[in-house]
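One chain comes next, on its own, written as structure tokens: the form predicted on its own.
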């Protein structure tokens, strides 16, 4: 049977790859929903209520499915990585517990008001509920990323041996929780979530705009989809360039704190200078696909680009090669090609954003069929880029589960057999595939149904609190 270490890693990777889709959708939608709610309460345009009601449904479904799939991940620490949980539980368990008690409870409490309470509470309380739900969503990311970033750059701890077992004690919570990696991960992840949702919104809206303006088919609520496309493009113009610029700083930080991971990202085996940065690379044979080496690839590269990226401006800077490290190298092919694809997608998103912005400026946003097709084809690529980024982050850290402290093989449950690990891996693969399929089906149904009609919006009763309403027997016109 399969090695229990490999099976456990595959199982955690599978469940994480599926789970991350739902937090990306909920975190990315949160700022949009706060904006829609604010514009709706200000009044003057019914389309913002349509936007709020339509995208709230997708947010709520993503939140529920994300909760279900996320809880399982925490159980896997005990079932598959019990040794890791025993060693790092004192430090790792705190952020996960606070995430549940603080962020999740805040989000879950106000979500009921936000989803079902529009006609039952005042505008002020409803606005507060939208902010609280968005804040709770992003606070969840804070505590999850604190835990993960500590695994990348551990600080504020000491290692002890108790009863023959390695145990990590928390000695400085501030240093541990505000470790050097946290800020980079939080900004990059949250911006990526908003960018991914902006791409998704733009792709869906472009489909209906294309059908109406290019094909000439009658489309209901075309003004709704036009407004969605414009709002998504504004978000994309802000987030796409920021993601690439921040990614440059992030990569430099990785070089400074995890040089082995950076060497895998650039496929540098021997310590050398003037290393090219391949924006686009093609393997010329199978060996280059499975064992890439920076200076042997065919592609479009910036001479000295990787050295410049690592050093912050010196194209002749030396990059330490993988062969110079004592520990086993991570799976270089997975890390290298995932990083190339992620970076390539990042530049494609910038092109899409400025392409759409230019067409908007020239008044041809709704007539450019090629732009619409490109947005439709890119609607899920933001989520793919997030997945690739996490592959680089987690696979690139191998063989360590806690960088420089505990190897992944040492963190797996000692009593776990290959047969047991294979059974659970197969079961999780089937269940999570089914969950993702059902989620996709429901989201597609919601999109096809479209936003609520304006007639339905007009039938909503007066939402003002009683103190603001007109006295009995007196009309508003009086």
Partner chain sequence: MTSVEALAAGPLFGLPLPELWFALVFAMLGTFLFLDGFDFGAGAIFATLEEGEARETVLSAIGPFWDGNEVWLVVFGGALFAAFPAVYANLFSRHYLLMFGILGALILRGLAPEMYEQRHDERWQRWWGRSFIAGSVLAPFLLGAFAGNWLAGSSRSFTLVGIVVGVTVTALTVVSGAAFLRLKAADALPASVRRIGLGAVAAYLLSVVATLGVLAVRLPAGVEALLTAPVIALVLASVALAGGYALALRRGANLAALAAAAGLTYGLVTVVALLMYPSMDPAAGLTVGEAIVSTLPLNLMSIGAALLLPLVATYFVVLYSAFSGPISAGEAY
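Bear in mind that the values here come from a model prediction, so they are computed numbers and not experimental data. Positions refer to the first chain, counted from 1.
Absent from the display: the form predicted in complex with its partner chain. The rest refers to it.
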17, 251 and 259 all contacting its partner chain in the predicted bound form, non-hydrogen atom within 4.5 Å: no
Specify the contacting stretch among 184 to 192, 166 to 174, 233 to 241, 264 to 272, defined as having any heavy atom within 4.5 Å of its partner chain in the predicted bound form. 166 to 174
Interface residue in the predicted bound form among 344, 94, 321, 315, criterion: non-hydrogen atom within 4.5 angstroms of its partner chain: 94
In the predicted bound form, the one of 328, 74, 158, 364 near its partner chain [non-hydrogen atom within 4.5 angstroms]: 74
Using a 4.5 Å heavy atom cut-off, state whether residue 110 contacts its partner chain in the predicted bound form. yes
Is there a heavy atom of residue 390 lying 4.5 Å or less from a heavy atom of its partner chain in the predicted bound form? no
Might residue 413 be said to contact its partner chain in the predicted bound form, defining contact as any heavy atom within 4.5 Å? yes
Using 4.5 Å between non-hydrogen atoms, is residue 196 touching its partner chain in the predicted bound form? no
Sequence-ordered list of residues in 406 to 425 near its partner chain in the predicted bound form, where near means a heavy atom within 4.5 Å: 413, 416, 420, 421, 423, 424
